[in-house]
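This document opens with one chain alone, in structure tokens, the form predicted alone.
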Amino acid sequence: MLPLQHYSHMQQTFLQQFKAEPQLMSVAPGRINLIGEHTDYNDGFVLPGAIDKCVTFMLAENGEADLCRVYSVDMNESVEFSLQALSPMENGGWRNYILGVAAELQLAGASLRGFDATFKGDVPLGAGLSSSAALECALATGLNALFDLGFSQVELATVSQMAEHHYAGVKCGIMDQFASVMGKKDQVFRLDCRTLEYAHFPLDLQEYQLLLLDSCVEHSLAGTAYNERRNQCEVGVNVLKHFYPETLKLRDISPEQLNAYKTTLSEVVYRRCLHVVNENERVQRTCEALTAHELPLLGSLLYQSHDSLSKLYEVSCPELDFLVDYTRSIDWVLGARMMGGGFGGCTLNLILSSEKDRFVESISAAYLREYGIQLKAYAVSLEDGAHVKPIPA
């Protein structure tokens, strides 16, 4: 969360920009996904949690019928728009997330009026921690409170997802926004991406902690490969439907069912499907490990997930594999895996807290020697999801 002095700065900035005091403050966090990768668009299961890095808004009504003004403290940029004339801006960047939330709230039945807002965040950009979802959910939560709209948390997550679809042009799943809104302190939650049913599980790591290592790379084939993987999964489903007519998505197929008709699939399609059905199983086993406080099993499942993503789904890259492989011989690292869509971004590491500094120094030096890239490390803890809080005095 932002240090206390940042709230004071935001309040002063609001006064300077709009010649008025803010009425309320809303906060929404970024997220990690403990396990369950590339399962969401297959109607499967994921296990995310909200983290201690967030986007914070300060808002107030401005007395106008439909004029809105929003200022980014971090970017030193602003946007001004009418609630009656909303459409995506070409190369709008962060502005389109703002416009999208306002537009989608109104499409969902909200009666908005003119408002002013400033915002600031500490979710690292480009690290796969869903800074965009945090931005959307923080604004949606703030407007919901400012105008007493009465939207539920799930409705706010859905509105935020639609803002990303229609104004940012990213056809994301629901996980990022759902995690930003529904997170709970020291807990992850299993989300059924078909029904949106969810259940929280305690993340009691004892003397261990979660550490993110940002590879600081993003390979250009990520977008094309993502679409290819989705298509390959659909090809697999269309073949398996002949044998299991009730099949809608890969989430409906067990590993045993898949292997029974392995020879009817191409080798590539089989490997893609095998990752998804096994990854769904790993999500369930991870929940069991958390309930039983079996951290070594949790670590093993993280490694299994990475190996599957790397070898079966083929969405890793040399840099991510290097970072995970480096940890395998270290006794006080229980597990590691790539996190997110792949081809760059972060690895998630379960390490002994007392060894964090030594670990970061060692792996950073090795990564620099291998790739000439300075690694970034982020220690994260799990916190509550989007909420409104008092403006500090």
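What you are looking at is a predicted structure, and each value in this text was computed from that prediction instead of being measured. Throughout, we count residues from 1 along the sequence that is shown.
The same protein also has a form predicted in complex with a small molecule, omitted here; what follows describes it.
The small molecule is not shown here, and in the predicted bound form it never comes within 4.5 Å of any heavy atom of residue 322. When the small molecule is considered in the predicted bound form, residue 112 lies well away from it, no heavy atom lying within 4.5 Å. Residue contact check for residue 345: none of its heavy atoms lie within 4.5 Å of the small molecule in the predicted bound form. The small molecule is not drawn, but in the predicted bound form it has a heavy atom within 4.5 Å of residue 41. Listed residues 198, 147, 226, 244 were compared with the small molecule in the predicted bound form; 226 is the one with a heavy atom within 4.5 Å. When the small molecule is considered in the predicted bound form, only one residue from 83, 123, 175, 211 comes within 4.5 Å through any heavy atom, namely 175.
Checking 96-104, 175-183, 251-259, 294-302 against the small molecule in the predicted bound form, the stretch whose residues place heavy atoms within 4.5 Å of it is 175-183.
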